[in-house]
Every structure is written in C-alpha cells, then in structure tokens.
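First comes one chain, alone, set out as structure tokens in the form predicted alone.
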C-alpha cells in the first residue's frame, strides 16, 4: 500500500544540512493500523508527510499503491491527495465555518455536486456520532468532538489511507480512548489503512498491529507490535519501553525488606498462569507484591511484577531460578 525505498529528507539550515529522515525502507500493507513512534524531533511527522508529498523527498522513493509519488505535480498530485485523508493534533478546523461547512469544503474542492455533498455530510456525521452538531461552530465543541469532525472531513473523499499526526496528544485519557475506538472502527468497517504518528506508546498498544520505531531520523526497529514491545531488539526501543515499566519503590519500603526485590516480566500465556502461587507452595517462600500489572496488546497478554521474596536463602534462590525458567525474565534488582 505504502512503500518507503531508502527514503531521505534533508533541510538546509544556514550552512548546515539537517537530516530529518535517513534511509527509511519498509512497507505498510493495505489494511494495517501502523504506528510510527519515537521522541520529539526523531523525524516521524516528516516521514508521514512524504506519503502525500506535503514534504518533498530529497533521496530515495515513496510508492503509494505501487506508484512513485515523489515527482507528482498538478492534477496527478491532487488526485493522490484526494484519496489520502489527514488529521492533526490541533484539529485544523476553520473556526469561521460550521461543522457541515468544514466537511463540505473538501467535497466542494473535489468537484462534488451540492446534492452529493449534503448526503455525504449527513452520512459522515452519523458515522462519527455528531449528527446533532452539523450547524455548530468549532468553538462550541469539545476536543474530542473537534477531532471527530476532523476525522469525518478526512474521510469525505472516499479515503483509502488515513494519516494521523499525533491525533490524541491534545486529548484527555477518556476522549483518547473514544477517538482510538473510532479509528479502529474506520479500519475494520471501511478497510482504510491507518498510519499513526505518536510519542505515546499506549496509543500504539491500543490499536496498531505493526510499528516502526524512529530515533535520530532513522528507523531502528520495525515489526509486530506485540513482539516489538515484549522483546525489543534495539537499545533505543528498550529505553523507550523501560520508561513505561519503571516503578520507583519508596526508600522507606526498601529499608524494611527482608529479602530480595525481583522484577518479573511475563509474556504470552504465562502472564495468566499462577506461577507465583506454584513457586510459593513448592519452595516454601512468600511473595510481597509491591507493584504490578497485566495488559493486553491486541489479544495477547503481557505483564510486569515487582515482588519481595521472603524465605530461607536457599529456598529464595530456588524460587528465583524457577521464575527465570517459567517467565520471560526474572531479575534481582535489589538484594537484601
């Protein structure tokens, strides 16, 4: 659907050449919900904008549906953009136009008849659950409602690819969940390929099936979301994920521990097994759980626990050894 072939983007800044994207080579398949993550300034948004040529490509190529887009101009470029919708962090709605007028603008630009436009707006507003806001102005809408209008506008011209540049960064947690649910519905019901740029790992975990990780203009890791997040290969990815797994035990608690503090990471079916209960019974140890969670990426579970193990030194060592064998990773992070 979208293929990057050694794609590079550079900018001139005074006498310096700045690499925004360097040698990106990967494919986004039709029907993917594909996430691109990384820190600020990694090049995520620049890469995204090469797809519809809002950002010119310096080197390499970008193919959409098997055809290069880098040299498109005039009518050919307009035709490309009509089938690629885009939504932004701050919505980009015209404040002096109603919800209906915001959507109508892109349809009018594409040359649709007035009767078609009216019918399409009604259909789109029903789809994003905003039928009662047709005549409202953006200033009267919540952030989530504004993003839904932006999504409706992006879908107006029978979009095949939806580009999302930090679509939930300006939204609260509850509103983020509803917008992500809508994007997932768009993908499943309409078969639209969704490409999401974000620095929020939870967004990728929630709806993406594949992900690319960017650092300093380069794609450093790419793959199935579950595999990348549970078994990262690149050091930057490991560092990125570690921030979401970090838990600082208060020093007052650490001072009271009478056994080691162990970090346990679960993956797959083992995340739902009674491993702690089994080892406690088998080796006569007790577990004091200080922090933990199990989450689902798609339908696959993964989990992390911080536990204090109490017992004789010999039995503790046996329990840790079994934990190492039966979980993805068991690491003593503090001896006591």
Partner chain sequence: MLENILLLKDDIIEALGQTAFMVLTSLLIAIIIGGLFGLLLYTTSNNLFVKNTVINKVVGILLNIIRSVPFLILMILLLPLSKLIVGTKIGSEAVIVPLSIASIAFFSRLAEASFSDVPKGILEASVASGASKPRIIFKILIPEALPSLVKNITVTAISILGFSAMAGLVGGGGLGDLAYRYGYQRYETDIMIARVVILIILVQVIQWIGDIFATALDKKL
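Residue numbers count along the first chain shown, from 1. For clarity, every value in this text was computed on a predicted model and none was experimentally measured.
This next part talks about the form predicted together with the partner chain, which is not shown.
- In plain terms, the part of the chain that comes close to the partner chain in the predicted bound form, with a heavy atom within 4.5 Å, is 133 to 141 out of 167 to 175, 133 to 141, 198 to 206, 250 to 258.
- In the predicted bound form, at least one heavy atom of residue 54 sits within 4.5 Å of the partner chain.
- Remark: residue 129 does not count among the residues lining the partner chain in the predicted bound form, judged by a heavy atom distance of 4.5 Å or less.
- Among residues of the shown chain, residue 109 is one whose heavy atoms approach the partner chain to within 4.5 Å in the predicted bound form.
- Mapping the unseen interface onto this chain, residue 118 falls outside it, with no heavy atom inside 4.5 Å of the partner chain in the predicted bound form.
- Think of it this way: in the predicted bound form, the partner chain has a heavy atom of just one of 214, 228, 86, 264 within 4.5 Å, and the residue is 86.
- For the options 241, 220, 182, 93, the one in contact with the partner chain in the predicted bound form, meaning a heavy atom within 4.5 Å, is 93.
- Applying a 4.5 Å heavy atom cutoff to the partner chain in the predicted bound form picks out 49, 52, 54, 78, 81, 82 from 44 to 82, in order along the sequence.
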